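Single chain ahead, by itself, as structure tokens, in the form predicted on its own.
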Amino acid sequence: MTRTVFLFASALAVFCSCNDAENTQAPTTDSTNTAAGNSKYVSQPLVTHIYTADPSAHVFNGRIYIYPSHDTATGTPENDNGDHFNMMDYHILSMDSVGGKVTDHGVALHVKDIPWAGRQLWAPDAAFANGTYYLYFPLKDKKDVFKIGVATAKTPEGPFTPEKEPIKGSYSIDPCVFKDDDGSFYMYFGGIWGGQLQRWNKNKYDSAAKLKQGDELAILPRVAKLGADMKSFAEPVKEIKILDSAGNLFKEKNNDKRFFEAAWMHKYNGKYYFSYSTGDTHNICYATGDSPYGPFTYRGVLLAPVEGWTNHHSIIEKDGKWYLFYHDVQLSGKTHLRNVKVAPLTYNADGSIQTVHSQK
């Protein structure tokens, strides 16, 4: 891509001073909260000087830290396997509160610094334990198979130092690391199509495995408890059951409800909330259960389809309020050049969540 920033509409001309999406020497700070954004959107992009997606948000030391993908235009042709999402590094964002000034802390980890790297740094997550911050990331190895790696730092913004090998027994994409009330950590992960989850059956890899057909049971997301070192699995990877109200597993043809990618776990009033993207139908759905392993019963749509093909989110509580982080393509209009946003999240008295609509 030449030094041009794609704009979705002329109403976004205020952003024309933004840097090139491939520029890794980003400004330290940026905020769009005072910018004149397009009024059809409920929220405006948190930053405009780089393209960001798949925001995993956490509160560390009283501050919100966001661990997103960093979209760039690499010129790779688009396809259903997502080869055009060829991310090379991670930038970590932070802010004192929602609506406050956003800081870009620069490059926290680059693919060239990961010993086992092949290509494509996709959606990451982070956790804090043992006096250390851990960055978890999916990456294709030198055989073009997605594994999940881990890197460490003494500060939440990094820079992070990667381990020499991926987590043993890990595979596919979209790690989400959840800390339960007893201090245990669990990793949720998986994504079909380009995320390769369809190639894994009983934790064994089959490069020839196919996607499920309509009347077959849908592929299930995965979970494993993390070891005390936060760099290994303490147990074999398990499947997570997502059930309808009658207690039945979804079939592939139930693609408005079945799992596709983008797992996230949070807890509210003692219940476990497992949320995820349906992919080709573009919903973010949620299901609830009484154990971190499930089963989880489908409850509804948490985030209605956004502008752009993909949908990926995270949920946090800050100062007694709940927030949903997500992305769309307001700045570029292109699926592989996205921007992260945040909106309030509201629970009903029965624990259900009100659907968020990203456009008015």
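In case it trips you up, residue 1 is the first one in the sequence shown, and so on. Keep in mind that this is a model prediction, so the values were computed, not measured.
Not on display, but discussed next: the form predicted together with a small molecule.
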#### Entry: Close approach of residue 310 to the small molecule in the predicted complex, 4.5 Å, heavy atom
yes
### Task
Verify the contact flag for residue 189: yes if a non-hydrogen atom of it lies within 4.5 Å of a non-hydrogen atom of the small molecule in the predicted complex, no if not.
no
### Query
Applying a 4.5 Å heavy atom distance criterion, does residue 87 contact the small molecule in the predicted complex?
yes
#### Entry: Partner contact for residue 69 in the predicted complex: the small molecule, 4.5 angstroms, heavy atom
yes
### Message
Please tell me which of 259, 122, 171, 264 lies within 4.5 Å of the small molecule in the predicted complex, judged by heavy atoms.
### Response
122
### Task
Heavy atoms, 4.5 Å, the small molecule in the predicted complex: which of 310 to 318, 57 to 65, 40 to 48, 295 to 303 makes the cut? Say which one.
310 to 318
